[in-house]
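One chain follows as C-alpha cells, the form predicted alone.
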Amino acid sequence: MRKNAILNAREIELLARREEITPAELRAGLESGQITVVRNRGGRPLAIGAGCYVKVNANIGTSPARPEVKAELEKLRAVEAAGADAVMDLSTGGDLARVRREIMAASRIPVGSVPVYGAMVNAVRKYKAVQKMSAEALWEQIEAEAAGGVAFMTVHTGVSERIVRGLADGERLINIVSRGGSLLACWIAANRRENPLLEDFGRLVKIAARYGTALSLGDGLRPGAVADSTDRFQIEELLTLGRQAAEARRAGVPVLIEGPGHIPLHQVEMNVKLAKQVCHGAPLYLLGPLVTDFAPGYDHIVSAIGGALAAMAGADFLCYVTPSEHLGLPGVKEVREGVYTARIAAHAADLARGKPGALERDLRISSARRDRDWAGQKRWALNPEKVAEAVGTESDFCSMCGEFCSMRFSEKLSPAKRKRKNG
C-alpha cells in the first residue's frame, strides 16, 4: 500500500462504506493489488478496483495554441461540478510546472499527470527536437512530478524498441494515437535504443515508492482505429504491462492498467477479461473504448457505449471522451458533457454489477417521475440543470402528453396505492 494512500482504521471504514463493500474486502483488495487508492496529499482517498463503484476521470490541460492556465482551472471546476472522480493534467503549453501546481492546488479530486509530456516539451524548447531529449531528463521529470505530489502518473512502460521496429511493416492503419506513446516511439527510433522506462522499470518503481505515487501503466500502443483493435502490437504491450504490474506489486507500489482505445463492440468484453487476466486483476483504466470511428463530434456517446459494456465486463475506471475528441481542444461545455456521458456509462455498469446505491438512485427518480414530482426528479437526476431546462412549467403533467399523461391514467389501475412524493 503506497505511502500517501495508507489509510487509518476510520478511513478504511468510511471508504468501505462509500464503496458498499466491507472493510475486510477493501483491505484484501489493497493487499492483492486489485484495488488502488489514490489521493492528493491531505485529500480525500479514492478507491478504484474490484467491488468498488466504477470511477470517471476527466482530462484537462493546456496546449501550445492555448497555454493559459485560467481556462484549465475553469474546466477543473466544471468537471468537479459534473461529478468527475479524478482529473489528469495533460498540459503541453505554457509553464508546465506552474500549470500543474495551480491545478493541484485548486483540485478537490485526485490529480494525475503524464511526465513524458513535460520532458518532451522541454526537449523541443531547448533543442527543437523531441529526439534530442536525454534519458536522464525523462527520469528527472518523473521524479519532479512525483515529488510535487501527483496522485498517479501515466508512464508508457510497454512501448518497446521491438514494437517500434515492427510498426515499420505498415500493418496498422494508424500507427500510434497515444501522444506519449508516439513521442517515445520517435525517440526510440531516432536514438536506436530501448525505452528507458522499460529498460529500467525498477528505477521507476523506486521513485513511485519513495514519493507515494501510483503508477498508471500507459497504453502507448492502444488502437486508434477499430481496424487495428486487438492486434499483435496491442497484445505485446499488454503482456509487458502484466509483468511490470507484478513487479510493482512486489515492491508495494499500486498500479492501474490503461486499456485499449478503439475496440468494436464484439471485442470489448474479451479485451477487458484478457487485461484482467494478464495483469493479475489490477484495476483497469480505459479511454472509452470507442466502438466505431465514424462519429466525430459525437465520440462522447461512442465512448459511453463502449465504456458501459467494458465496465459491465469488469473495467474499473473510465476516462471521459468529449465531443471534441479527434477535432480539437475541448472547452468548458465539452468537458462537462464528457463527464456526464462517462458517468452514465459508469452508472449503467454499476446497476448491472448489482451496486445497491445505483439501484436506489434509479428507484428514487422513477418514483419521482411516476408522481410528477419535478423537485424530486431534479434532486436525483444526473444533471439537475438539464431537467430544469426541459420541464418549464411544473404542472401535474409535462408538455409531451399533456392531459393524456400515461402516469395519471395508470394511477387509476391501482387506486389503493397512495401517491408518494420523494423527500
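A residue's number is simply how far along the shown sequence it sits, counting from 1. No experiment lies behind these values; they were computed from the predicted model shown.
As for the form predicted together with another copy of the chain, it is not shown, yet the points below apply to it.
Ser216 within 4.5 Å of another copy of the chain in the model of the complex, heavy atoms: Contact check for Ser216: no, nothing within 4.5 Å of another copy of the chain in the model of the complex.
Partner contact for Asp85 in the model of the complex: another copy of the chain, 4.5 angstroms, heavy atom: Judged by the heavy-atom cut-off of 4.5 Å, Asp85 is well away from another copy of the chain in the model of the complex.
Partner proximity in the model of the complex: Tyr340 to another copy of the chain, non-hydrogen atom cutoff 4.5 Å: Taking the distances in the model of the complex, the answer for Tyr340 is yes, it comes within 4.5 Å of another copy of the chain.
Residue contact check: Met407 to another copy of the chain in the model of the complex, 4.5 Å heavy atom: Close contact exists here: in the model of the complex, Met407 approaches another copy of the chain to within 4.5 Å, heavy atoms only.
Heavy atom within 4.5 Å of another copy of the chain in the model of the complex - residue from Lys273, Arg179, Arg203, Lys132: When another copy of the chain is considered in the model of the complex, the option within 4.5 Å is Arg179.
In the model of the complex, the one of Val302, Cys319, Met153, Ile103 near another copy of the chain [non-hydrogen atom within 4.5 angstroms]: Contact with another copy of the chain in the model of the complex is made by Val302 alone.
Partner-proximal stretch of 50-58, 23-31, 36-44, 355-363 relative to another copy of the chain in the model of the complex, 4.5 angstroms, heavy atom: Answer to the contact question: 355-363.
In the model of the complex, residues of 160-193 near another copy of the chain [heavy atom within 4.5 Å]: Heavy-atom contacts within 4.5 Å come from Val164, Leu167, Ala168, Asp169, Gly170, Glu171, Arg172, Leu173, Ile174, Asn175, Ile176, Val177, Ser178, Arg179, Ser182, Leu183, Ala185, Cys186, Ala189.
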